[in-house]
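As a starting point, one isolated chain is supplied in structure tokens, in the form predicted alone.
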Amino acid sequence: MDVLTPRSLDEALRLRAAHPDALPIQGGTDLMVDLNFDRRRPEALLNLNEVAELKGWSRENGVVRLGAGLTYTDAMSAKLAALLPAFSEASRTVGSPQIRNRGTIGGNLGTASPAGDALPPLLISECEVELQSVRGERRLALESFLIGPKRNALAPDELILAVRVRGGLGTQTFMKVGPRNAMVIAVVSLALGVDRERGVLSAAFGSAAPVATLVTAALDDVDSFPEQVAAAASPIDDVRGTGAYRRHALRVLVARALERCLTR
């Protein structure tokens, strides 16, 4: 297996175009598991760890840009938590300290798992995904980027550059249910936001549909919102829980999250 290690974004894009079958890797918290269990055996890996343009975050005119190489540990910083509280809360629940130090937002987007912890908080923050290839750059709403379980709209020659989200959109929180509090894939997860200024409720859930799903309603619908969110789910039975339990848990999480946000 070859390992291709570009030193700049331009070089990374050229290598991506020349080797479309090479799997991009940065944190490797998902991909290395597949490699170790021989679920994948690519001819090449595209190592993005040396590409500085993918790292860090910035803010301009209310829009927060999170580089694809931003780690969960980075996302837990006080400055970013003040702008994107649900995203920061979700980051604290990801794996162990070692996983949070390595795992990246770009990896969560690339894997596109319905259980991806970063996805619900990004959805309630009006997220756009920046994609680039040697052909140019484009942006997709996160809802359009996620097209199925572990499937996304990334073209073979494209890389995920960053996501762009709205910071400070009202009060937010994140919750998830699992067999334990850490090192666990969510049975169901929820990010919820209350934007009193615009009179909007936003909820996004994971592990209860083929893709992480966003539901919005007017603030006046607060009493019926738990049922609206539960009705939007299409959960399955698997080893982690039944569909019926997931729908019930989602209803309970929305009620608890609303109480938390409305009393802040």
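All residue numbers are counted from 1 along the displayed sequence. Since we're looking at a predicted model, the values are computed, not measured.
What comes next is about the form predicted in complex with a small molecule, which does not appear here.
Colleague: By the heavy atom within 4.5 Å rule, which residue out of Leu66, Leu48, Val229, Ala212 makes contact with the small molecule in the predicted complex?
Modeller: Selected option: Leu48.
Colleague: Counting non-hydrogen atoms within 4.5 angstroms of the small molecule in the predicted complex, say which of Ser133, Thr171, Thr73, Thr93 makes the cut.
Modeller: Of Ser133, Thr171, Thr73, Thr93, the residue with a heavy atom within 4.5 Å of the small molecule in the predicted complex is Thr93.
Colleague: Taking heavy atoms only, is Ile25 within 4.5 angstroms of the small molecule in the predicted complex?
Modeller: Flag for Ile25 set to yes.
Colleague: Is there any non-hydrogen atom of Val184 lying within 4.5 Å of the small molecule in the predicted complex?
Modeller: It does: once the small molecule is placed as it appears in the predicted complex, Val184 has a heavy atom within 4.5 Å of it.
Colleague: So, Leu159 and the small molecule: in the predicted complex, are they within 4.5 Å at any heavy atom pair?
Modeller: The answer is yes: Leu159 has a heavy atom within 4.5 Å of the small molecule.
Colleague: Just checking whether Leu154 would be counted as a contact of the small molecule in the predicted complex - the rule being heavy atoms within 4.5 angstroms.
Modeller: Looking in the predicted complex, residue contacts with the small molecule include Leu154, since a heavy atom lies within 4.5 Å.
Colleague: Look at the stretches 121-129, 75-83, 135-143, 93-101 and give the one with heavy atoms within 4.5 Å of the small molecule in the predicted complex.
Modeller: Of the options given, it is 93-101.
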